[in-house]
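In the block that follows, a single chain appears as structure tokens, in the form predicted on its own.
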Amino acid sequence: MGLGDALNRIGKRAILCLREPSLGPVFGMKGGAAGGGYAQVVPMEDINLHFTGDFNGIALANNLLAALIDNHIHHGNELGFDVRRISWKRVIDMNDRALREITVALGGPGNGFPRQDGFDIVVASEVMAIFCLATSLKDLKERLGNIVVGYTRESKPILARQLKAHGAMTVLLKDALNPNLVQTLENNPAFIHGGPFANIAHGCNSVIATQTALKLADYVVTEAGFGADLGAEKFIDIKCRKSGLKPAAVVIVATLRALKYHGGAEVKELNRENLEALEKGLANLERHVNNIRNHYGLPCVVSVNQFTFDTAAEIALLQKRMAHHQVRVIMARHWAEGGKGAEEVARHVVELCETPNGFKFVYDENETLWDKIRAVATKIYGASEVTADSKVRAQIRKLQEDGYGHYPVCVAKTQYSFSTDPQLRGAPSGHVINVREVRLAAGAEFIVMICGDIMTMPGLPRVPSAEKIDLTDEGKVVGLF
């Protein structure tokens, strides 16, 4: 938000493209997701709470398909579903760990055939991923029809179009596919549309919103969720590959607090000067810079969100350590000053955008699925190898043999580390990435590789944000931050 406002302040026509917040994180750990201070989009309460109902439409489309599966089986199972191999889950836009694994259709013959099932959060649904990658209603319908929902006893895939589900699903999404236009506090336009999870799905706003913005402005500022190991990798290797989009420059956002945390400082000590921890933690930022410049061939700038307790010594150390990378580090104060506080970042971004770049992907489309996950793990994460048990390896081989080998991989892992261990801070090297589960997203056209302990249905923390969110007697929403 700060960069978008700053670009407009220096005379450039710029539009923001962001994701919609999920109610799970809003009421869970994260709280509101519409910016902060003088760098935010409004109406903040509406954006964070239901917004235009897009997520509800996606949940309904997802759960309609789930209902049609069980209804088809109840009425004779003409397609021959093996009830042990139904891969389609129901969804809800809330963190609810109790729904991860459930049993459905209890209570007698009238309720269908009992089977094991489960819920994902809406933002982890393949419908959400399809929604954000589709380029038109026709493309949306085609992709929805390609969803593999289960298998027969002979392991033959059953598609959503075989259930005649994709037409009705598209009807539920026809209005939601239109991008939502809001504004920043400085009255600059922003599209907020779609919201796939960044550490489970591909973590980018919709292609339609981005393409629309490109037709209306000279500069489009978009975000890709979490660190560059997840966000930039999926934005480039999935969204850009599928849509033909090519970024001109990258802004890596950092804080001194986060860098000290990666250097071993405890959370309660992050507001204090700690040059030793900062020195160690800078390895994390250096790897992100290296990944963007060397593996994706893109110019970048480091924008540091400045806090009042950041010290001059810490800022000097950061500038000194990053100088030999020939990447500018700019202290940004948009939280306190709005667009004015990010003008220096904006001017440098314009310079970078006018510089030719060597944009590239981290792997080739024709590489095998195993080689693709290995390329991401070794080049971007700094891992030494990728492992998987025999069952997972067999699934990957089967997907390759069935003609899905040209799909990109979408890695689901923790956002807290380059590794799959959230406690492994800094820039770990030589670690092992274990793929514990593989999911085919045939409609979205990627293969999800679930690594480590990451969940597709998060749980609420010990003290959820919901405890602080309230409505005053005057009808004002409080506690969203």
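Fair warning: this is a prediction, and the values are worked out from it, not measured in the lab. Note that residue numbering begins at 1 and tracks the sequence as displayed.
We do not show the form predicted together with another copy of the chain, though everything after this point is about it.
Comment: 159-167 is the region of 293-301, 159-167, 274-282, 242-250 lying near another copy of the chain in the predicted complex, near meaning a non-hydrogen atom within 4.5 Å. Another copy of the chain in the predicted complex comes within 4.5 Å of a heavy atom belonging to residue 114.
Under a 4.5 angstroms non-hydrogen atom cutoff, another copy of the chain in the predicted complex has residue 103 among its neighbouring residues.
For the chain shown alone, residue 344 is not a contact residue for another copy of the chain in the predicted complex, no non-hydrogen atom being within 4.5 angstroms. Another copy of the chain is not shown here, and in the predicted complex it never comes within 4.5 Å of any heavy atom of residue 312. Site residues 226, 257 and 331 are none of them in contact with another copy of the chain in the predicted complex, judged by any heavy atom within 4.5 Å. Contacts with another copy of the chain in the predicted complex, taken as any heavy atom within 4.5 Å, map within 88-119 to 90, 92, 93, 94, 95, 96, 97, 98, 99, 100, 101, 102, 103, 104, 105, 106, 107, 108, 109, 110, 111, 112, 113, 114, 115, 116, 119.
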